[in-house]
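So this first bit is one chain, no partners, the form predicted alone, shown in structure tokens.
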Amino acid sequence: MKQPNTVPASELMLRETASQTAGPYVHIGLALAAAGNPTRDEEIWNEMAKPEAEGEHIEVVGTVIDGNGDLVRDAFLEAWQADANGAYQPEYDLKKPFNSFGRTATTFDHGSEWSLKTVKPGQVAHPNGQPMAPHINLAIFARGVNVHLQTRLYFEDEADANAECPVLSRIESPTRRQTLIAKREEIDGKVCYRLDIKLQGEGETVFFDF
């Protein structure tokens, strides 16, 4: 009997999935409140830390700006960060005090700002064993962006840790490094950090390919 041709799994070449922009509809499926639609019972949104979560409670805010200097009012962002002790929470559960994953979006209201309610993350070790400065990983989706952009948010009041961070220090230009540093503000007695993300042009935010 003739045996069927078999190819070892290690030799199979899978075709790359096609990319396309997020389009103007990403809010409808993933940012229901921002789109003005009723939310689901369990919605992944921008409250990553509840009041009982351990650590320093902060709010992170910002805008997304295009190459012309105009606000991008329908951008969608996903955030991934460690908790106050430098540990990532692998499972999402709305009942937990803290979740490492969150989502937010810019809108046509409130100055077109995105925001995250979270705790200041602890330090996490780089694969080489060196501690990285406290940071929040961000992925940005928007119309005209074929593949989502990845960047990081660092904190201006962590100057010593920032100077030693093995990722941040790989950016040779001090001016370029500043595009990742969120500025500390105090609004109504609450600690807030601001990072405006520029997609291209002068002052473009540093984006990572990882």
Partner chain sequence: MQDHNKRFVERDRNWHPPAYAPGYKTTVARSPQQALVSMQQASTSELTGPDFRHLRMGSHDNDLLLNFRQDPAQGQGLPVGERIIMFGRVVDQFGKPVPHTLVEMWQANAGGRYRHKNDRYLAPLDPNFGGVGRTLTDEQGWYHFRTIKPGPYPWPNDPNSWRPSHIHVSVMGPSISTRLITQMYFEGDPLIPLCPIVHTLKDADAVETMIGRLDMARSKPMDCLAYRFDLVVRGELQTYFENQ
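As the structure is a prediction and not an experimental result, all values here were calculated from the model. Positions refer to the first chain, counted from 1.
Omitted here: the form predicted together with its partner chain. The next part is about that form.
- Among residues of the shown chain, Gln150 is one whose heavy atoms approach its partner chain to within 4.5 Å in the predicted bound form.
- Using a 4.5 Å cutoff between non-hydrogen atoms, Lys117 does not count as a contact of its partner chain in the predicted bound form.
- Ala53 falls outside the set of residues with a heavy atom inside 4.5 Å of its partner chain in the predicted bound form.
- With a 4.5 Å cutoff on heavy atoms, Pro127 counts as touching its partner chain in the predicted bound form.
- In sequence order, Arg176, Leu199, Gln200 are the residues of 172 to 200 having a heavy atom within 4.5 Å of its partner chain in the predicted bound form; the partner itself is omitted from this view.
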